[in-house]
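Only one chain is included here, represented as C-alpha cells and corresponding to the form predicted on its own.
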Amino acid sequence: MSDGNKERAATQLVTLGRDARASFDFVNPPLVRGSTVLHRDVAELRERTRQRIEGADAEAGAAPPYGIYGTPTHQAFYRALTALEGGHRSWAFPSGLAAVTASILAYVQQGDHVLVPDSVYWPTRRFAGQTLPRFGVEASFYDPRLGERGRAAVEAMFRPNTRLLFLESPGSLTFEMQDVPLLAEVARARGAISVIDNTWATPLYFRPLAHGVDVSLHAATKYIGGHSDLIMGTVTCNERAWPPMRETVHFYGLTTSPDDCWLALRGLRSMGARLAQHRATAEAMIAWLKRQPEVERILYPADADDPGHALWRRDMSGASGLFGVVLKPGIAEKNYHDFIDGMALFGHGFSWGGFESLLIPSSPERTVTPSPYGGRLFRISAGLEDPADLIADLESGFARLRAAG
C-alpha cells in the first residue's frame, strides 16, 4: 500500500511505513542494524556519496552511503511520520530537546533574532536564553496569546533580523492556545521560518504544515512512543525548510538507533486507540475536579470553559490526555506536597503520554506575561488506568487537603 494514499487517520496508523516485499511479507518492517554500507564498486560508492551531498535522501529512494544516514528501519518510520504530518521529509533525534535545539540552530546564525512564546517548555526557554547568546543569536519571549490582539500586534514583535518564530500550542504547563495560522503567516511574510512543538496534539489532531508552519516537531518520547520505554524527538519539514535541517542533522551527526525507530513505529500503530482512552480518562477526571471546592480552574483547551477553546475547536480535530489544574489560593506548601505525595496510582515524573498516569506540581517560569493564577498548579497526564480508580486516588488527596485545614 502506498504511503501517498488518503485513508482516514486510524487506517494510516496501521498501514503507513509497511512494504510487504521489503519486509519479506512480515507485517512489521524488519529491524535493520548497521553502520557500514557495502558498494559494488568505486563508481557506486562515488554515486551514492554524490547523491547525498547534492540532497538526495534515502526516504526518496536513494541508497545511503553510510549508516548514519539511516537504515531501512529508519526510513519506514520516516515515511509513516511524513505522511501523517503531510510534510516533505522527517528525521529522528536522540530526544525531544535535541529536536528543539536542532530546529532552531538549522535556521539561525550570528546576529539573528528568534521569537519564543513565554509559555514554552522550560528546557527550550533555557536553550534560547542561555545557549543561543553564546552564538550571537538573541531570543525574545512573547505573550503566547498575542495573536488574539490581531495581526498588527504580531507584526510589531518582528525585527528586521528575526529569522525564526517558535510556537508551542498549547503550552506544556499553562496550556495557552496560539493562533498558529496567523503567526505562521506573518512569519512567512517577514522571511522567517516557523517551528512548532506539536507534541500535545500529535499528528492525528493537528497538522501544523497545513496551517502554514514550516517545521513540526515532537517529543516522540510521549504519545508517539507511548510505552515509557523510548526517548526520541522528531521533526517533519516542508520542502522549503528541509535543506537546512538536512545539512544540520548531518553536520552535527544527529541520529538515532534503528531500535528506537522500530519502537516509535510500533507506537504509531496503537496511538489512535491510546489517545482516545487518554482523552476519555482526562475528561472523566476533569468533570470530577470541577466539582471540588478547592479547584479554581482547569487548563485544557478541549474544555468549553477554557480561554483557548475557540482556537482549539477551529484548528484541531481532537485532544490528548494532558491537562493542568489550578487550586484556589491559600493552600499551604506542606499540605500541597502532602496532597501530591500521598497519591497511590499517580506517579510523579516529568514525562507524559505513556500508559501510566502522572501528577506533578507546576511552577511556570514567565518573562513577559505574569501567571494569571494566584493558586498552586499541578499537571496530570491521564494514563490508561480505569478512570474510577484514578478519581478515587484524587478523592483521597483532596480529603488530605481538607483534613489539613
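A residue's number is simply how far along the shown sequence it sits, counting from 1. These numbers come from a predicted model, not from an experiment.
From this point on, the text means the form predicted in complex with a small molecule, which you will not see here.
- The candidate stretches are 246-254, 220-228, 146-154, 70-78, and the one lying within 4.5 Å of the small molecule in the predicted bound form by heavy atoms is 220-228.
- The small molecule is not drawn, but in the predicted bound form it has no heavy atom within 4.5 Å of T162.
- Taking non-hydrogen atoms only, S95 approaches the small molecule to within 4.5 angstroms in the predicted bound form.
- The closest heavy atom approach of D179 to the small molecule in the predicted bound form falls outside 4.5 Å.
- The closest heavy atom approach of T199 to the small molecule in the predicted bound form falls within 4.5 Å.
- Among the residues N238, T281, S172, T82, the one placing a heavy atom within 4.5 Å of the small molecule in the predicted bound form is S172.
- Checked against the small molecule in the predicted bound form, the residues L268, I193, L183, M232 give one hit for a heavy atom within 4.5 Å, which is M232.
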